[in-house]
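Consider the single chain below, provided in structure tokens and representing the form predicted alone.
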């Protein structure tokens, strides 16, 4: 565990990495504060920038946005009763009533400190368990990698909010998009329609920016209210939360561990862990604490859990290459773009990079607790920014970032096309994250499946003859049966 940190230290402790961590936390907090955006949007907008940076500074920036954005959503939940992100939905229960009692600074301070401490607890678990999982995965060969990719694709059904079938269809779209380009085995062109721009497939960054940023832009434009400015009470810097959080230390540890454990399960997500942790904290609390009426413990439980989820979601992402949620799916894509394949190879051949990523995650949570408190007055100003100013900025960043990747106008057309596809899918309530998961894991599944068949003397039986791949496929089968049952039962009842 400490060897990885020592190897990663020279890479992380550079002026660029530290500066980008600080800027990433500020950017993440700002984008988390603004309702409707969130950490995923922040990561997507900065993905083109990361492509031009060194690996560790790039990942430090993206991870800091992930951490800051996950914490920032609580601020609008506390001040406006509008969660900036779904992760902060449970913070409404006690954060807003606490603010209504004239304790806005305390509520925001507690949410920031609990988020930071929850993230640090999750970071320790991440650093301990990721190498263990990766060591186990060293036994993997093409059959096991193919089975793991299949298992990862099935997480699409779990990741999908609302409908597993829609998630599967969206994942199928991602798999279809992943087949565009040059066949690795035969070098034949597939679905390139005679254009050289598609010989390497559509640019992943252009697809991600189009699907998430541009489609969100279309939805916000459709919603109108471009000039609305919410009324926010004046905020001041207060360090009282550092004293208050001591009274909730066990709540922080318990909620952070719950969040980490649930975050490590692909698809569980921060919103689920926040609600579960809130329910546990409320059950264990005394009646005098009055949960639901502005209890400090309610804010602490939800925020420690949802930032703990960030660390938990990184465990399967880094050690097995299976994203824990939509944000880590994009982080996984970023690692691919930077030339690293998450999994055992990352820990075996690029231990310094793995250690640098761990340090970036820990440092992000340390920076969060400082900047989150100091910048409280600034957040009140950010919440007053009308959409008329914000939306053109998002469009400008999306367009410039995508074009700058390869100086390619074709990438802008790809971004625009997937923006339209993303908008239509959003209106039809289809999840977008499975498309990215399909695009990332599709080539892994296809190439390892074909390699396994080339190695096999008994055809597809190689997947069942090897104990690890057979076990992974059995888990995938159980997951498929579970998803089918949970999908069919509600329909029969209705």
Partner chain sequence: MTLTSRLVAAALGLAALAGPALADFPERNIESIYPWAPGATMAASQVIADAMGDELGVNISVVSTPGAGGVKAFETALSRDADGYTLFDGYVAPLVIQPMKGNADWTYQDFTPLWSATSNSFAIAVRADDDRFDDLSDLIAYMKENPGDLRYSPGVAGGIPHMVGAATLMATDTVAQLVPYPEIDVAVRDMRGGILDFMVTNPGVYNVNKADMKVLAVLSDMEDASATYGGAPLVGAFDIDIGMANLSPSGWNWWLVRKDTPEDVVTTLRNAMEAALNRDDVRQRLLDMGYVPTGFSPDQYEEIVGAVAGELEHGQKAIEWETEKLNGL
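Given the structure is predicted, the values throughout are model-derived calculations rather than measurements. Positions refer to the first chain, counted from 1.
What comes next is about the form predicted together with its partner chain, which is not displayed.
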property	result
Partner-contacting position among 238, 399, 100, 182 - heavy atom within 4.5 Å of its partner chain in the predicted bound form	182
Contact assignment for its partner chain in the predicted bound form, among 136, 378, 349, 413, heavy atom within 4.5 Å	349
Interface stretch in the predicted bound form with its partner chain - options 390-398, 249-257, 100-108, 140-148, non-hydrogen atom within 4.5 Å	140-148
Whether 196, 345 and 466 all lie within 4.5 angstroms of its partner chain in the predicted bound form by heavy atom	yes
Exercise: residue 339 in contact with its partner chain in the predicted bound form, heavy atom 4.5 Å	yes
Non-hydrogen atom contact residue 454 with its partner chain in the predicted bound form at 4.5 angstroms	yes
Exercise: residue 189 in contact with its partner chain in the predicted bound form, heavy atom 4.5 Å	yes
Touches its partner chain in the predicted bound form: residue 200 (any heavy atom, 4.5 Å)	yes
